[in-house]
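One chain comes next, on its own, written out as structure tokens in the form predicted on its own.
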């Protein structure tokens, strides 16, 4: 008996809506894993130059190695990690020279962004940055380093976006990831004195932005990055001394 083939076959589980929802869920999961992994590395949970413990992180995040490795590829493109052929990945370690050069470039980019932002920013954007500023101040008062750093980076990003210069935004994104970790760590330098200085500098940044004082904001942002650079170098030196002393102690103990 000849079977009739229907004119239209419906596959409920593979409808366009279902596929779209699945893709959105996958994208959301990827973004969440990426953000968690980035924060984990930026906050110094793995030493500079240290290998990425894939098995341990998979267990911690409750994921397989495939999404973890996809996230690592993104972080490698941001300059936060180095991918090792057939050997996993490690946290990228910057030399003092690389660090100085990156901060100089970032200072120049943010300086230009501040000048352009004062020419192009809209009132609601200033209001949003002001809101973020006081939220960040709350984190500072409560010594919430993670919250402070997250909002701090968002404020800088908002100023760059207000420049309305896509080339500048692309260049900023390219370099920002490379020093994100050391910018976070620099807040611990000088027994937190630098943290208070940075907060006062942000008061000046907000004031200049409110007044649309482009030249003034440009200078403040450049000096802000220079001060951050000094704190970062100090932190790197302290960390280096601590690591050297620890290694020497381990060597002496092993000879006993």
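Everything numeric here is computed off the predicted structure, so don't read it as measured data. Between two forms, the rigid core is the largest collection of C-alphas that superpose within 1.5 Å. Numbering follows the first chain given and starts at 1.
We do not show the form predicted in complex with another copy of the chain, though everything after this point is about it.
**Student:** Just one of 51, 226, 211, 36 has a heavy atom within 4.5 angstroms of another copy of the chain in the predicted bound form, so which one?
**Tutor:** None of the other options qualify; the answer is 226.
**Student:** Though another copy of the chain is not shown, can you say which of 121, 105, 80, 182 has a heavy atom within 4.5 Å of it in the predicted bound form?
**Tutor:** When another copy of the chain is considered in the predicted bound form, the option within 4.5 Å is 105.
**Student:** Can you work out whether residue 90 and another copy of the chain are in contact in the predicted bound form, taking contact to mean some heavy atom pair no more than 4.5 Å apart?
**Tutor:** No, residue 90 is distant from the partner.
**Student:** Taking 4.5 angstroms as the cut-off for heavy atoms, does residue 70 touch another copy of the chain in the predicted bound form?
**Tutor:** Yes.
**Student:** Answer yes if any heavy atom of residue 152 is within 4.5 Å of a heavy atom of another copy of the chain in the predicted bound form; otherwise answer no.
**Tutor:** Looking in the predicted bound form, residue contacts with another copy of the chain do not include residue 152, since no heavy atom lies within 4.5 Å.
**Student:** Examine residue 125 and determine whether its closest non-hydrogen atom to another copy of the chain in the predicted bound form is within 4.5 angstroms.
**Tutor:** No.
**Student:** Heavy atoms within 4.5 Å of another copy of the chain in the predicted bound form: which stretch among 197 to 205, 55 to 63, 41 to 49, 218 to 226?
**Tutor:** Of the options given, it is 218 to 226.
**Student:** Is another copy of the chain close enough to 116, 166 and 171 in the predicted bound form that each of the three has a heavy atom within 4.5 Å of it?
**Tutor:** Yes, each of 116, 166 and 171 comes within 4.5 Å of another copy of the chain in the predicted bound form.
**Student:** Once you line up the core, how about residue 38: does its CA shift reach 2 Å between the shown form and the other one?
**Tutor:** Yes, residue 38 moves 2 Å or more.
**Student:** Does residue 70 shift between the shown form and the other one by 2 angstroms or more at the C-alpha, the core having been superposed?
**Tutor:** Residue 70 C-alpha, core-superposed: shift of 2 Å or more.
**Student:** Just say closer or farther for the C-alpha distance from residue 71 to residue 167 in the predicted bound form, relative to the shown form; it changes by 3 Å or more.
**Tutor:** Those two alpha carbons end up closer in the predicted bound form.
**Student:** Quick one: with a 3 Å or larger change, is the residue 38 to residue 171 CA distance smaller or larger in the predicted bound form? Answer closer or farther.
**Tutor:** Compared with this form, residue 38 and residue 171 lie closer in the predicted bound form.
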